[in-house]
Every structure is written in C-alpha cells, then in structure tokens.
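To begin, one chain is listed below as structure tokens, in the form predicted on its own.
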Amino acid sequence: MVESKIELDAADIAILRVLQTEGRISNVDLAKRVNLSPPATLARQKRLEKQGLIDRFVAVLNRYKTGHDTLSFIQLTLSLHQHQQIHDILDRIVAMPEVLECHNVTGEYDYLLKVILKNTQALEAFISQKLIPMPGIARLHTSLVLKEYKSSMVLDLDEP
C-alpha cells in the first residue's frame, strides 16, 4: 500500500532520528537533544504518532540469548493466483509466530519470508509440517543465514 508522504520540518526529523535508536529516552532528555521545550517536544511526538510516522515502540530482543540461532529466508511460489486463495495462504503465513516478515516480491518467487527458529531441526519441522502441506504453495527455496552483518530498523531521513 502506497501512502502519501508527510512533510517533516527539521525538528520533526531530529525527534525521529533520536527515537529510532533510543525509543525509551525520556521526554526531557529528548527535548534537550533536539533543542525544544519538553511540552513542544511531547506535542510533536504525539502528532508524529497520530500521523502514523511512528508506527510503534518495541523492544528488540537478542535472538541468540533467547535460543533462536537459526535465521533463514524462505522464498515461496504459489500455484494458485485467485484473490481469495492468496488471502487464505497469507492469513495462515502471517499468523505463524516463526515468520517475522512476509513480503510480496518481484522475480522468480512470489513471497519472501524472514523466519527465525531455535535450530535447523526446528526449521526442517517448520518447512515440512507447516509450509509444504499448505495448499497453494507450488515450491519453496530456503536460504540459511550463516552470519548476519547488519540488522537495522533505522530509516535514513536524509535521502532526497
């Protein structure tokens, strides 16, 4: 879904830059960092949330410390391309807690899934027990991540 761009001034951008990396910063500290008064900073933050620029605040967990060592990307091709059948498949996929991201992509495959599991045995069970039996999936291709060099959720607000 394409949404219209919201125009931001320098103060809005400064607030968003800080919040992207320090979501738990106090309003007083945030105000100091962006050179605004605390009430003005809070009002701007609330407006940015209401406009949908700030989608949500989350805690990013260390997957290794929770015992989730296996990160993989799974590419799916659907055999069915009727609207309702696609909807049914996607509803089932996005409900799976192992699937962190699901993207409709161009190219050889229809969808790209980012999946995190505890180990390769759990990955094999996920594929063989959840994905393969699902009606409408024609084929899948799994890539196991050997080493993660960058994982970020910070948007570049300087791009033109």
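Everything numeric in this text was worked out from a predicted model, so none of it was measured. One-based numbering along the sequence shown.
Although not depicted, the form predicted together with the DNA is the subject of the following passage.
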| item | value |
| --- | --- |
| Contact residue in the predicted bound form, from Pro39, Gly67, Gly52, Gly107 (heavy atom within 4.5 Å of the DNA) | Pro39 |
| Listed residue (Asn62, Ser26, Gln121, Gln129) with a non-hydrogen atom within 4.5 angstroms of the DNA in the predicted bound form | Ser26 |
| Interface stretch in the predicted bound form with the DNA - options 28 to 36, 53 to 61, 130 to 138, 110 to 118, non-hydrogen atom within 4.5 Å | 28 to 36 |
